[in-house]
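The chain below stands alone, shown as structure tokens; this is the form predicted on its own.
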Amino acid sequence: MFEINKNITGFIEDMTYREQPYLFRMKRMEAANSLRQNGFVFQNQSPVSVKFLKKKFALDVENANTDIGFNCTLENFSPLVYCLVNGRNIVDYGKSDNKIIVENIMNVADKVNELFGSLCDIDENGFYALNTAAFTGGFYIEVPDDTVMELPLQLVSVFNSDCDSMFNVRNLIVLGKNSQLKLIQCDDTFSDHDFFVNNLTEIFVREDAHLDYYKLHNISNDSAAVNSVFIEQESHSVVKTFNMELNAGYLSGNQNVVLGGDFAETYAYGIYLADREQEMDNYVNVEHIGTDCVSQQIFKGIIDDSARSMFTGKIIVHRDSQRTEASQVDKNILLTSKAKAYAKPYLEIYADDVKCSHGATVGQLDEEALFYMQQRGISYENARKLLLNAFVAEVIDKINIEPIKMRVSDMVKKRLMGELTVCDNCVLRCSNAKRQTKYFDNI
């Protein structure tokens, strides 16, 4: 059992007794008590995250400059953009839209009274408890019934500090009945210091609502991020999630979906590219409760150098969830003998009328395909890049926003060449090959 350091416990105690809505104070006290009684429970995270938690991070970063000049650089892409600076202040960098509500969660305790914390069990995972006890703010998004958002909504958590810092961000999103939303959520840093980002997002998708949710990770090698998402779906709702992990010292994605209504559908897609000594973990838990529901998971990883990945996929089909269709696939390519990939697909089925499948593969590049391509005049390096790019293309092709698809495709190509730089002789043609980029360029 791991005990968190004193500056974190001190911050939690201070947050508990600050002036705030009664709901948040009670939730903080419950989470602080869970940490005291249970210690820091690592339910889905690797012990690697311990080395980051042991760092003496600053947690009370209040004096942030909100004039960060954020600008999305994607061509032909004009989403509604809202930035949360250091987990506290929301800045609107896009076109205002009065169809939806975008607020700091700290200001809407009355709206979230019945929902806040209802989807996550703080005793199950130390990061859930830590976030609940120490969050300083986050996004509250409400899409009213019968509202179709034509423009995508981009939520950017910006971190800017003059010292190594930890940020706990809490988000809550509600899609009303028969509503539609494309949501892009990403983290961006404006500092060379190390960060630990602990995000927790609860999403409620009402009857007949449709959500496309994109989570983009690309932070420095000395930083870590834990992104936990909880989704509750009502009948006839459809959710598609895209998890893109391209760079970080440690990345963990926890996705928990409850298909509570009949004829609900959820599709979870992910790419993770790790090298050096990076570690990327993904945990996907889908619970089928309603009848005639569909779920699909497709995750693909490329692991290089001494990097490590872990995929844990779980599907639970309850007794009354008849006519369920569920599939789960995780595929990994190891580029060195020191690279490691672990996969744990898991099915727990109590209904008798179901179509369920799962599978996982870990292997190397196809040597015969490499030889075949070299025999036709393609160099070894270019043949290798083409095969790796084709390997992840299945997931990228699922992206429904064309500018996002092009940018992710570009970033994957550059990532495969190392450090996201551009090679003049590369056979992979990025859409903007002349511009060299280190991070996501404020996507």
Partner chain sequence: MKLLEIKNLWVSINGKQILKGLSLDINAGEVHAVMGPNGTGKSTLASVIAGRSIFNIDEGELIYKGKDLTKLSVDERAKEGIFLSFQYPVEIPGVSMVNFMRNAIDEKRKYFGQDPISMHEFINLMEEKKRLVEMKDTLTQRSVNEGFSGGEKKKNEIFQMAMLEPQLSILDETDSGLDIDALRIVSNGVNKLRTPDNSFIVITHYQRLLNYIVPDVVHVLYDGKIIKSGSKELAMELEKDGYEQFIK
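Remember, predicted model here, so these are calculated numbers, not experimental data. Numbering follows the first chain given and starts at 1.
Keep in mind that the form predicted in complex with the partner chain is not shown, yet the notes after this line are about it.
Asks: Looking in the predicted complex, is the partner chain within 4.5 angstroms of a heavy atom from every one of E368, Q374 and I378?
Replies: Affirmative, all three are within 4.5 Å.
Asks: Looking at the partner-bound form in the predicted complex, is L386 within 4.5 Å of the partner chain by any heavy atom?
Replies: L386: yes, in contact with the partner chain in the predicted complex.
Asks: Indicate whether the partner chain has at least one heavy atom within 4.5 Å of a heavy atom of N382 in the predicted complex.
Replies: Judged by the heavy-atom cut-off of 4.5 Å, N382 is in contact with the partner chain in the predicted complex.
Asks: Within 4.5 angstroms, counting heavy atoms, which one of the listed stretches 27-35, 404-412, 52-60, 387-395 is next to the partner chain in the predicted complex?
Replies: The contacting stretch here is 387-395.
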